[in-house]
Ligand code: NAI
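Given next, in structure tokens, is a single chain: the form predicted on its own.
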Amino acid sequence: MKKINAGIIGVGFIGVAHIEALRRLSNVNVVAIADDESVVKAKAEQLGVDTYYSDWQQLINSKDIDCVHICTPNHLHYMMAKAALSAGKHVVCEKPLTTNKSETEELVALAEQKGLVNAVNFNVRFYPLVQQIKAAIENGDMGRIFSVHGSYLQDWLFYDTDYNWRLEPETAGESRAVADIGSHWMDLIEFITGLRATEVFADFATFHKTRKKPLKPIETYAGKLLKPEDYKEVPINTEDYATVIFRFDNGARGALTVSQVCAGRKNRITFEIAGSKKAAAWTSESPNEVWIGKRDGANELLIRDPSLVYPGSRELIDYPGGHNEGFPDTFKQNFKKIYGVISGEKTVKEYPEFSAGLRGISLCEKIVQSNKTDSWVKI
């Protein structure tokens, strides 16, 4: 079997997750990484990668690389993806694909022109029971969709001493909580239900108007309190919290709450979909079970088991029932489909392409507009 060579740009938390997932595929070699000069050598040794670059363009231009994974801060996605496509490389990019719609449209067109595989890592799609609910809706098990509500909650920015590049609009974009985590929820709901949001109404809140930005590497402060001389106070102009309500193209209604300051919620995605026959609810903290609600019978709790689900869901299950699969497995299953197309073993693109990234950016921009104007905005 000829193996496909992958290169990873950015090896923080999410880049390492990409590497670990790729190494679980039999047809992929992770041959190089790129990151800041101050960390890349140590990262390469830690991850067991022989080739490393402090200049990401060298990785992209390497003849040894077939596919580039972009796992960097948001403002770099556009230039890196454009350079990789122009160099004839397949591209897998973290979301958001870019920080504005026009750049995203350019990447969608370029990827199509080049005929290269292009993907956005909306990995939450690849939990087996998420796909089970999608199949149930497609098969008419739930009837017409009436409503959907849910949330994406985190607490990693709970204190005003919590700081990260995602707080800076020039690096992350105009929206934070909605673009960073709300984008996953919105992609998920449209993917599962097959519905499209047609109008949005949004309300944002920033609870920490200023935050304490460290003047030294954040690792310095692990387990410590910042001293006054160790930080400077900076204004915060992106949202800690948002509520968004939706109107969908079939007349259904929806509501989403996102927060990065919700104590105790480390990374919790949840949704409940109500149909004319049944309802279904799922949460990422218990990803191997889905609640099925009924009016005229006992409710059910479906446990992830390959013998109990639709074929599309079964394809994402690599272990028997009772052997839990979770967050790292979603990366593996997404990449399995992406690299199946790169290798030519698959022809159907069962992964989110750049067009899904464009949809996400379009929704986020309309949501930001709604918050600014305090009004319903058509998509």
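Note that residue numbering follows the sequence shown and begins at 1. It should be emphasised that the depicted structure is a prediction, and the values quoted were computed from it without experimental measurement.
This next part talks about the form predicted in complex with this ligand, which is not shown.
In the predicted complex, this ligand sits beyond 4.5 Å of every heavy atom of G275. Heavy atoms of G173 never reach within 4.5 Å of this ligand in the predicted complex, leaving it off the interface. Under a 4.5 angstroms non-hydrogen atom cutoff, this ligand in the predicted complex has R166 among its neighbouring residues. This ligand in the predicted complex comes within 4.5 Å of a heavy atom belonging to F331. Checking C71, A280, I189, A242 against this ligand in the predicted complex, a heavy atom within 4.5 Å turns up for just one residue: C71. The single contact residue among L110, L76, A135, L302, judged by any heavy atom lying within 4.5 Å of this ligand in the predicted complex, is L76. Residues placing heavy atoms within 4.5 Å of this ligand in the predicted complex fall in a single listed stretch, namely 27-35, out of 342-350, 27-35, 310-318, 44-52. Within 4.5 angstroms of this ligand in the predicted complex, the stretch 83-101 places a non-hydrogen atom from each of E94, K95, P96, taken in sequence order.
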